[in-house]
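As a starting point, one isolated chain is supplied in structure tokens, in the form predicted on its own.
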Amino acid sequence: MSESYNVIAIDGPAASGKSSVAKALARRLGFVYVNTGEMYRAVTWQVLESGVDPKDMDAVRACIAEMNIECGVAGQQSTVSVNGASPGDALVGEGVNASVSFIAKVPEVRQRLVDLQRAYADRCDAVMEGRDIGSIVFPDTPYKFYIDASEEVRAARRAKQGLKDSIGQRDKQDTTRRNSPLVIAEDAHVIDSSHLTVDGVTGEIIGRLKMKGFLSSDF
């Protein structure tokens, strides 16, 4: 697979800080920030809106087969709508939080969204964050980063956001699912954000990009 544009992959577990870092990095580089988690949440929202049990894989398969999923760009950020509607704040609602890991395990959901994610490389330079960007979506990109943090730090961040889902349970679901589990790509640069600011992590990534010759030394 070869990308028409540059893709910087940023993976990591829930509340590792990868979203904030990806946003900051995209702003600095003038790239589009692509939040793949929002895509899975949007699908989950529509599944719930349709009255489908998120644990019923056959029903979820039938539901997504009928969905019209559109992924675009507004300014420097990705957008997603399902059946013509944008879920907005519902993406972080308790129902979606509790169900998104079940939806993300369905192979047909993952393949549909991976295809949409890969399509971004045909239209823009992107900083794309998720859980399988470097390992599955863009395995050939030379710019891979894995942002991590201790479970305690991540749980505190999650609570500060007003989210009540279990970090430990989410980690187990993400790392043990059969399709595209959360893993560290072999050639990814790992950064522990437990005691770093967003600017600190972003600065480390910028430094690595310079070492790879992607950015000039005076960037």
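All values derive from a computational prediction rather than experimental measurement. We number the residues from 1 along the sequence you see.
The same protein has a further form, the form predicted together with a small molecule, not shown here; the description that follows concerns it.
Visitor: So, in the model of the complex, is residue 15 in contact with the small molecule at a 4.5 angstroms heavy atom limit?
Guide: Heavy-atom contact with the small molecule at 4.5 Å: present for residue 15.
Visitor: Could you tell me if residue 31 has a non-hydrogen atom within 4.5 Å of the small molecule in the model of the complex?
Guide: Output for residue 31 is no: heavy atoms all beyond 4.5 Å of the small molecule.
Visitor: Would residue 135 count as touching the small molecule in the model of the complex under a 4.5 Å heavy atom rule?
Guide: Residue-level check for residue 135: no, no contact with the small molecule.
Visitor: Looking at the partner-bound form in the model of the complex, is residue 144 within 4.5 Å of the small molecule by any heavy atom?
Guide: Residue 144 lies outside the contact set for the small molecule.
Visitor: For the interface check, one of 56-64, 22-30, 189-197, 166-174 should have non-hydrogen atoms within 4.5 Å of the small molecule in the model of the complex; which one?
Guide: Of the stretches listed, the one contacting the partner is 166-174.
Visitor: Three residues, 36, 41 and 110; all within 4.5 Å of the small molecule in the model of the complex via heavy atoms?
Guide: Every listed residue reaches the small molecule in the model of the complex, so yes.
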